[in-house]
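Just one chain is shown here, as structure tokens, and it is the form predicted alone.
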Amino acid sequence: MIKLLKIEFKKILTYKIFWILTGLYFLFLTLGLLMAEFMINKQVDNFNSRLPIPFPHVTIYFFPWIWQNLAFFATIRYVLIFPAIVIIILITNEFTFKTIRQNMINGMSKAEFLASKLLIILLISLIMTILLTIGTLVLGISHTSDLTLSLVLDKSTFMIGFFITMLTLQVYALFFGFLLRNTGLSIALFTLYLFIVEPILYYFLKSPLVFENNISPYLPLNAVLRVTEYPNIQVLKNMMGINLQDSISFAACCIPLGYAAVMIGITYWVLLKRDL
């Protein structure tokens, strides 16, 4: 395992685009999390301008719900696209620059090659989760009065949901990269599916005229985003009638993990069958 990670780190050190995209991801993530409360209250002000009785401003940085709120805002589509693109570039560069062939010549098996990429995905997801946990603790402690250990740890399982979301979405990106092997095409199709194709499928399949039972939550991308489906903001329930999520569902976690397992299996099969 350590040997495979060392090989991957040597490759990553030469990829400037990796560090640029990673820096942009952390920049947008940090700004987004710090500005989330301001943006929500701006929307509240817009609603209040049309209501006789105004809703009060909200705060999202208090325990225990800060775990859910930051996990939600850290997993919106516009943020998740950055680590996904990083993984696609790491995969497709192997084929563009023929480094995968060199790895095979040097004695690496195809299973080890795939495992090395999965280890990088696991490591990136773990580092992101740790950093988000630290940021959540700092913001939560500074915004919450009457702190207790049980209050701080309550709802912290939403970080597991964040980890699963990051892990599975990057596996989806790996799947696109291995199947298409072209950087531009892989990024274009992945982005198209992320922002256009599946949202259209979601609303189409959600219609009772198409299916009697709603199967749209089981679409691959939607299954990932539903792990942490909503922030816990009372005004959403009051103004929009949304049932707020109280905890991470085991079933909701299993669905994207199941998709990821299938995609890893297909990727390995394709890797065995295709010429390098």
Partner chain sequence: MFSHFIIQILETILSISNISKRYGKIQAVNGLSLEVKKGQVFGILGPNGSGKTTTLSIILELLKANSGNFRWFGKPPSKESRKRIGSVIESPNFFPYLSPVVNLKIVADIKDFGYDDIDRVLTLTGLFERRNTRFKTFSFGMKQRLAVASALLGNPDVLILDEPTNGLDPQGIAHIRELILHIASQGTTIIIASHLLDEVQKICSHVAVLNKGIKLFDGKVSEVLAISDSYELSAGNLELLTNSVKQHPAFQSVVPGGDKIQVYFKDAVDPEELNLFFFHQGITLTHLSERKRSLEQHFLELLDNNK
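Numbering follows the first chain given and starts at 1. Note that the coordinates shown come from a computational prediction; the quantities given were computed from them, not determined experimentally.
The same protein also exists as the form predicted together with the partner chain; that form is not shown, yet it is the one meant from here on.
The closest heavy atom approach of residue 183 to the partner chain in the model of the complex falls outside 4.5 Å. Although the partner is absent here, residue 104 lies within 4.5 Å of the partner chain in the model of the complex, judged by heavy atoms. Remark: residue 118 does not count among the residues lining the partner chain in the model of the complex, judged by a heavy atom distance of 4.5 Å or less. Although the partner is absent here, residue 98 is a contact residue: one of its heavy atoms lies within 4.5 angstroms of the partner chain in the model of the complex. Using a 4.5 Å cut-off to the partner chain in the model of the complex, each of 3, 15 and 109 places a heavy atom inside that distance. Note on the interface: of 147 to 155, 89 to 97, 160 to 168, 74 to 82, the segment with non-hydrogen atoms within 4.5 angstroms of the partner chain in the model of the complex is 89 to 97.
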